[in-house]
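Each of two forms of one protein chain follows alone as structure tokens, named structure 1 and structure 2.
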Structure 1
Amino acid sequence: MCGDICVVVETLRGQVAEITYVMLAAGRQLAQGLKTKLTAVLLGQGVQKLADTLGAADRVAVLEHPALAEFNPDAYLTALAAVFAGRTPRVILCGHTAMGTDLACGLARRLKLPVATSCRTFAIEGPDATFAALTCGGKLIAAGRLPDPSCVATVMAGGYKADAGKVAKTPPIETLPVPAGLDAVRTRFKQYIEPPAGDVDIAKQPILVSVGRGVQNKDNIALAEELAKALGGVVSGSRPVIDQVWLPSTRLVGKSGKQVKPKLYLALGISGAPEHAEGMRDAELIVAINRDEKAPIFGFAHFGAAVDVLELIPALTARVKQA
């Protein structure tokens, strides 16, 4: 793994998480630009079968142990520190997720490596690899060089398409030895506690009618709900709508809410701030309605209209019902 780009595979309940494929797409770009190999590091128990889904990597390094069956930061850090000790990968990529950030910081501390966080994209400039990272809630982009000879970086969703990291190929597998200390970790995974059943999961909806500050008040949410019903979709919202409790927090789309990829995303009165865009820019079709023709959302919407959203919604609902 010396000099490799290494992706720490993220799994949940025996399935590879989507952020892993985003990291593989980013890692493939870095590996090609730096003329090195891309290695996927897969931890768990009985997970070797998942290597077939990691075809974007040049090889998959698998470490299995009962203590790694479910995510346990104590066990995972012990394992990863042993895997990378003395090997000096060029870059270790972790997801910018609850699991990934936990691992990245702890791993960097144990290996005494610098960390670049919230990375959205990477680039090759001569002999150097650079990163662009979101900061200040997505309002600013910080750019810099990935420290060498080795560093850790967390990768955010949105900069690369997950599909670019899904390659139908079976990579060679390297089985790693179990390091000392896994049997003596201080924490143990006991069980998953499911959240109570309640609101719909907007991440699974094919059609979302999403509302922002432009709907003006809570009473006008009913207009969006009527349109969503006519379309066969669900109402979601941006941060200002959720903060004012016009919709429950389960309907929040954005960096601090849900990442959604519906077939249709209808944005009503949403400006398109980076925090919101982070959660919905991968929708198959984005239609934006906003009175401000200079609103950022028009920069990535497929179709749009600079009109009063409160005038358009009733007319659009009537047309949909008629159709």
Structure 2
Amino acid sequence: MCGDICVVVETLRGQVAEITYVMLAAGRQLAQGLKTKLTAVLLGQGVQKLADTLGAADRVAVLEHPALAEFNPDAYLTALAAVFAGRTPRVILCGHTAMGTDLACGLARRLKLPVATSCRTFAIEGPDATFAALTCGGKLIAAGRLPDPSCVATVMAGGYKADAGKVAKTPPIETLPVPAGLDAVRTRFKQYIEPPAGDVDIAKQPILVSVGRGVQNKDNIALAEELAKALGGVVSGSRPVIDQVWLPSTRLVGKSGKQVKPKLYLALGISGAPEHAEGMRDAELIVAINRDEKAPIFGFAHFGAAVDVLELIPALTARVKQA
């Protein structure tokens, strides 16, 4: 693994998570540019069979142990630190996700390496490997060098297509020895709590009228409901709207909510932060209303208008009803 690009594979309930393929796509580009190998590191219990789905890698290093059966931050960290100790991979890629962000910083400090977070794309510039990271809610891009000889980076969705990391090939497997200390970790997976059922599934709706913090308060949700009704769609929202309990958690669009791909996504008072974009940027038609004409959402919406949503919603509802 010395000098390799290493991808820390993410699995949830026995399935490889999509971000893994995004990392493999990114890792392939880096490995090609730096003329090195791409290694996928797969932790878990009974997961070796998943190696078949990691054909984009030159090899898969597998470590199995009962303590790794479900994600357990301390156990995964202990295992990864042992896997990489003394090996100096060129870059260790972790997902910029619930799992990857629990691991990246602790791993980097245990290995005494710098860490670059929220990377979207990488490039080779002369002898250097560089990263571009999205920061400040998507309002800025930060660029830097991936420090030599080794570093950790977290990868966000959006910079590479997951499909580019899916290659039908069975890579060679290396079984890693079980490191000491896995039985002595202080964290333990207890149980899963299933998502609440019973509400409409926003991922199956063709028309979403999605509201953000720009709608100002809970009372204004009714305006969006009326527009949704006129359009034959349902109302969804961004994280602050859910956190304020203006809408139930089943209506959350984004990284921690649902991935949606409706025919129409009407974004009302949503800034377009990367965590929101992750859940909706593949919608067929995105129309954004935001009074800040520099809002990041206009960078990927198809149509936009920089007007006040509270004025626009009733006006649009009236026009739609006239149809």
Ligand SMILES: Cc1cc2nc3c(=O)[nH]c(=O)nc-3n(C[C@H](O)[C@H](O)[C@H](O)COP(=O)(O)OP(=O)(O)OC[C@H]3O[C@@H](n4cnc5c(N)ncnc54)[C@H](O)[C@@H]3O)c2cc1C
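Start at 1 and count along the sequence of structure 1; that gives the residue numbers used here. We call the rigid core whatever largest set of C-alpha positions still superposes within 1.5 Å between the two forms. It should be emphasised that the depicted structure is a prediction, and the values quoted were computed from it without experimental measurement.
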Pair member which, unlike the other, is the form predicted on its own
1
Is I207 displaced by at least 2 Å at its C-alpha between the two structures when the rigid core is overlaid?
yes
Taking the rigid core as the reference frame, tell me whether P296 has a CA displacement of 2 angstroms or more between the two structures.
yes
Superposing on the rigid core, I want to see if D128 changes position between the two structures - specifically a Cα shift of 2 Å or more.
no
Inter-form CA displacement between the two structures at A315 - rigid core frame, Å:
13.8
